[in-house]
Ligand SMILES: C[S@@+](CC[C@H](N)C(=O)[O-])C[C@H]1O[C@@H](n2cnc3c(N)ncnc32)[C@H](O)[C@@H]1O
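Read the single chain below, which is given as structure tokens and is the form predicted on its own.
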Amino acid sequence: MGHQDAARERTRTIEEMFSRLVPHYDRMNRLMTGGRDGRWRTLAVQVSQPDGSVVLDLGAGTGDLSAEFRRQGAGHVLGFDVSASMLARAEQKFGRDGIDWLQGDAQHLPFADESFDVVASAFVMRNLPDLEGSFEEMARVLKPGGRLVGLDITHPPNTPWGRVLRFGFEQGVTRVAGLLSGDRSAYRYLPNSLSGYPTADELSAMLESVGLIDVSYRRLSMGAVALHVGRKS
């Protein structure tokens, strides 16, 4: 199987898995993060400087990040996701007041160059089959001076406490979520999604390699989550 075929197959697998999770998705997010994911999204929007911006929410899921952008003053948000079921739930929750919902593949964004002031994602980057190619697409559709903001789980620091965090995520929280949701296979996938995923420093280097400047990141949740920010020159 070629690289592109493998990427398409993984995209289909991700779409099917997240579509199955729609009835439980929001509740499980609150459970697995101890209710902190909302605060992380709020922070991700704040650092994007959203006032009046045209925003692409990549992997919008059930719409929480898109809605937060609107709450903080974004002019228009496009919630983009591979799963039609997720987007249907997002529209049910938040409607279309300043937000449009569109199904599609992050590796092939159907937008003209320099279309958005902000391209943002929350808990999506680990699921992209071709992360570097997706970053190239994100940078392409950003306007000069625009910001790319990515919030996701990351490899905890290689310290005793970092190892405790990783063990708790892999063996504790995700197993409980799988049991309560009735979809153990999906929640087994989550800790495995860090396998082969870049470290926070490596991710910063990837963002710089597609032409972004002023790239930085901030660790959250005692190091288990990273918020990356870069700007298009």
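In this text, residue numbers run from 1 along the sequence as written. Quick caveat, the model's predicted, so the values are computed rather than measured.
Unshown form predicted in complex with the named molecule; subsequent notes refer to it.
Proximity to the named molecule in the model of the complex, defined as a heavy atom within 4.5 Å, singles out one entry of A74, V118, M138, L128, which is L128. Every member of the trio Y25, R41 and Q107 reaches the named molecule in the model of the complex with some non-hydrogen atom inside 4.5 Å.
In the model of the complex, the named molecule lies within 4.5 Å of some heavy atom of M86. Residue contact with the named molecule in the model of the complex: V124 places a heavy atom within 4.5 Å of it. In the model of the complex, none of the heavy atoms of S221 sits within 4.5 Å of a heavy atom of the named molecule. Although the partner is absent from this view, N29 contacts the named molecule in the model of the complex, with a non-hydrogen atom inside 4.5 angstroms.
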